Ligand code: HEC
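In structure tokens, the next block holds one chain alone, the form predicted on its own.
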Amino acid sequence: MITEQNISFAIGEYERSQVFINSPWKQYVDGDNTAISNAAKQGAILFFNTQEEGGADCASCHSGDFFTDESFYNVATPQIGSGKGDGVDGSKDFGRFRETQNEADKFAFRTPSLLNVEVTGPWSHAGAYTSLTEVVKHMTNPQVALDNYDITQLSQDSIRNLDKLTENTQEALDAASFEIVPVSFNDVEIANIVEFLKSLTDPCVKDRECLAKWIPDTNIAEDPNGHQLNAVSEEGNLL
């Protein structure tokens, strides 16, 4: 029977079936020293080590098996789009504050999991970054990243509030809920961290054949649900 409850159960089971955790990093942790590259290993050291140890201390927030502490932080990633702030135009991204009304939560967003992060771009809460390299650069020095933000990386048309990007993001950075201590890494070190992040990718998520049971067939005409996927209204419009 098609009911709201049964639809919810079905979607829940579909989502729970997508457990993509068989990554090179997992194999490395399980004892296969050849599972990741030397660059990824160097990146892992920078990722997990504290700043006092010469690292970036990423694991202080991206912790545990899922690489997230599930907490909320203001890391001042660029604000683009419509925003969900208050005021006349509502262009600012107030984040967690919208739920708690706690000033300390303003501009804060939940720490995302880094599992399969390689394939989940564009990155940041508003999708302002289109490469992992730029994301890492931001997290190591948000102010420099904001000052050098390249707006041409955005391919979408008609993105709202681009004229307010710098002002709104600077306000978020100035109101950072915890002290962001910049880290000075060279391009090789940044690249090594990116290689480590790529080692968190389960190969299945980049293999259409492996993903076949979760996605429609490329040939809609042969898809048994093709008529539903391409349902047409009485007015002749795709639903």
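Values in this document were obtained by computation on a predicted structure and should not be read as measured data. Start at 1 and count along the sequence shown; that's the residue number.
In what follows, reference is made to the form predicted together with ligand HEC, a form of this protein that is not presented.
- [ ] Answer for residue 98 alone: is it within 4.5 Å of ligand HEC in the predicted complex, judged on heavy atom distances?
- [x] Outside the cut-off, so no.
Open item on the list: residue 84 versus ligand HEC, in the predicted complex: is there a non-hydrogen atom within 4.5 Å?
Closed with: No.
- [ ] With heavy atoms only and a cut-off of 4.5 Å, decide whether residue 56 touches ligand HEC in the predicted complex.
- [x] It does: once ligand HEC is placed as it appears in the predicted complex, residue 56 has a heavy atom within 4.5 Å of it.
Open item on the list: Just checking whether residue 149 would be counted as a contact of ligand HEC in the predicted complex - the rule being heavy atoms within 4.5 angstroms.
Closed with: Flag for residue 149 set to no.
Task: ligand HEC in the predicted complex: contacted by all of 29, 64 and 200, heavy atom 4.5 Å - done: So, no: the whole triplet misses ligand HEC.
Open item on the list: Heavy atoms within 4.5 Å of ligand HEC in the predicted complex: which stretch in 149 to 157, 165 to 173, 131 to 139, 98 to 106 meets that?
Closed with: So the stretch in question is 131 to 139.
Task: Members of 95 to 134 lying within 4.5 angstroms of ligand HEC, judged by heavy atom, in the predicted complex - done: Contacting residues: 109, 110, 111, 112, 114, 117, 120, 123, 124, 125, 132.
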